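The chain below stands alone and is given in structure tokens; this is the form predicted alone.
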Amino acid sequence: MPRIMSVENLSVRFASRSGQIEVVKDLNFDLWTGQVLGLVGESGSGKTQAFLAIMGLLARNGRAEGRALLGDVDLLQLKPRALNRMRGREIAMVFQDTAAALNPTLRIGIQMAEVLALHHAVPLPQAELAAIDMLDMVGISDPERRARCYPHELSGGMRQRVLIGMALMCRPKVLIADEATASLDATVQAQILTLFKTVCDRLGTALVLITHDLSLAASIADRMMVMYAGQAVEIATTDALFHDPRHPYTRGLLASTPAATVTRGKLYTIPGPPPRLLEGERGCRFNPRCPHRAAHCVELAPILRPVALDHQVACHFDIGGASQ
């Protein structure tokens, strides 16, 4: 498969009264055509900030370094006007809050058509017809009538489908879904995930599914990247991550995931709080909570290294074998 995107040494910092807060540190990964990458980790692990940086959507006190190559274009080096031309056309993002993402005063069809009209100078009547076709593609029944609706006239699941369709209007190479199913019930979640997989397979779009729910990501992801405190601690195929997790944090996440077959007993939790993320702190960021911690873990930060075919781990120890 052709490689679409390559992120190299991405770091994101925010200025604060306490100093520079390093919310993403030296992140490296690749995306390929039609691939689904599940990006998992607890809240505050840097998942969303990494991709807001790539999209040029950081808050004013944020600063990104490194490279985010989409083809041969480094998104982090683009001027605002050039980046605006890329967003929506080459790379798009679907957010969780459909109410905030859609304009309540415009009909659905117009909002979707404007994306195509803006990026490809398609006449609005023609773009509206394309919007109706896209509504049909994303599984909305009676698309002609729905295109004339306002956002408040649609259910939450339908609005999420509209956002997906809007993000796909220009057939982007990369689609980022940031907790895009978190507010939906389980049945609609499953429908949206199936939709993501089907559409990405059809268009060849690479999908990044950002979530804190490992089981949800595993349902469609080809590969998984686990983030902790702003760093990638494990990258592997979905099957390898679940059957042979090699990082203590990944194991903790898996152990703390509720099992449908277990109805009693206390759910496992990873002890201790996450770190403060101040720039310049040494050692492994997971070491205060790690059951395998040794003296050198406090002083030396582990690097992401291969431990098997298409399996990388950032840990000083080799804890391979089946999950406990």
Partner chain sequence: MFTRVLKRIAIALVTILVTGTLAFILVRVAPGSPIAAKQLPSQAALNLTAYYGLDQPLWVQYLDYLRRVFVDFDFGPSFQYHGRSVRDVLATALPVTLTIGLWAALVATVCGAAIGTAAAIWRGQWIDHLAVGLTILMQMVPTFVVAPVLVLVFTLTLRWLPGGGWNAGDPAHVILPVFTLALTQLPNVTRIVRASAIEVLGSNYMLVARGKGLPWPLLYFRHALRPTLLPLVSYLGPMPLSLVAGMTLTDLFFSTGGVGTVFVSAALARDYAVVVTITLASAVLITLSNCLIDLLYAALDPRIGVER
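Numbering follows the first chain given and starts at 1. Here the structure is a predicted model, which is why all the values come from computation and not from measurement.
In what follows, reference is made to the form predicted together with its partner chain, a form of this protein that is not presented.
In plain terms, the part of the chain that comes close to its partner chain in the predicted complex, with a heavy atom within 4.5 Å, is 111-119 out of 201-209, 111-119, 125-133, 229-237.
The three residues Gln20, Gly44 and Leu75 each lack any heavy atom within 4.5 Å of its partner chain in the predicted complex.
Its partner chain in the predicted complex comes within 4.5 Å of no heavy atom belonging to Gly71. When its partner chain is considered in the predicted complex, Gly88 lines it closely, a heavy atom lying within 4.5 Å. In the predicted complex, Leu102 approaches its partner chain with a heavy atom inside 4.5 Å. Put simply, Ala182 is far from its partner chain in the predicted complex: not one heavy atom of it is within 4.5 Å. This chain appears without its partner; in the predicted complex, the one residue of Ala177, Met225, Val138, Met166 with a heavy atom within 4.5 Å of its partner chain is Met166. Contacts between 32-49 and its partner chain, taken as any heavy atom within 4.5 Å in the predicted complex, involve no residue at all.
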